[in-house]
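Heads up, the chain below is alone and in the form predicted on its own; it's given as structure tokens.
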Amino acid sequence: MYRNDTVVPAFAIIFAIALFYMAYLVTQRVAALSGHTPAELTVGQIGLMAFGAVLFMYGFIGLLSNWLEGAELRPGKHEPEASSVPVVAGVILSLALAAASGLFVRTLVLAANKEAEFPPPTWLQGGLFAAMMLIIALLIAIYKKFFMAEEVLAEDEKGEFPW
């Protein structure tokens, strides 16, 4: 019926990795020419990394879509498979989310304390927040894949909707 391809998203991820590597090589080339590693990024590096990030997200979403929906969409109602592995994964990820959120709150409290001798760095706060968002995304993906029933609807080519 309708294919959910993995070739284009995989190529996008490979191309994104190549762009990130090119940005790294630009840094090494500038360091070799100037004798030291620059502290700031050039416009070219920012462009390479931004385009690489967009391509990486496109590829990741495409591969995740293939994993969640399958390679070929077939019309009808599809019930999820019963298994204890997703439940265990959900419990472990929930505990990891609780631990990461506790650490995140702790870093915020320490950062707000003006008498603290060494406040936590902001990259640690950002990293913990990013880890929490990744865990939440994994929990949502596991829930959709293993606990939600799906229904694929097929429409005639001469349907009422103008796609």
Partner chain sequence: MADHDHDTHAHGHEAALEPEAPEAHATRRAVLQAAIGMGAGAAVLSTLYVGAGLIPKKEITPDREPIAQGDVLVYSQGPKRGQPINPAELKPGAEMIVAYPMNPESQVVKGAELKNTLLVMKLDPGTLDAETAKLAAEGVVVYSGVCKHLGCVVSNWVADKQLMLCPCHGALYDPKESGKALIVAPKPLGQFPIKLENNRIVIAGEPTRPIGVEAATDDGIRRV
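Residue numbers count along the first chain shown, from 1. Note that this is a predicted model, so its numbers are computed, not measured.
There is another form of the same protein, the form predicted together with the partner chain; it is not shown, and what comes next is about it.
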{"query": "Touches the partner chain in the model of the complex: F147 (any heavy atom, 4.5 Å)", "finding": "yes"}
{"query": "Exercise: A116 in contact with the partner chain in the model of the complex, heavy atom 4.5 Å", "finding": "no"}
{"query": "Non-hydrogen atom contact L139 with the partner chain in the model of the complex at 4.5 angstroms", "finding": "yes"}
{"query": "Sequence-ordered list of residues in 75-100 near the partner chain in the model of the complex, where near means a heavy atom within 4.5 Å", "finding": "K77, H78, E79, P80, E81, A82, S83, S84, P86, V87, G90, V91, S94, L95, L97, A98"}
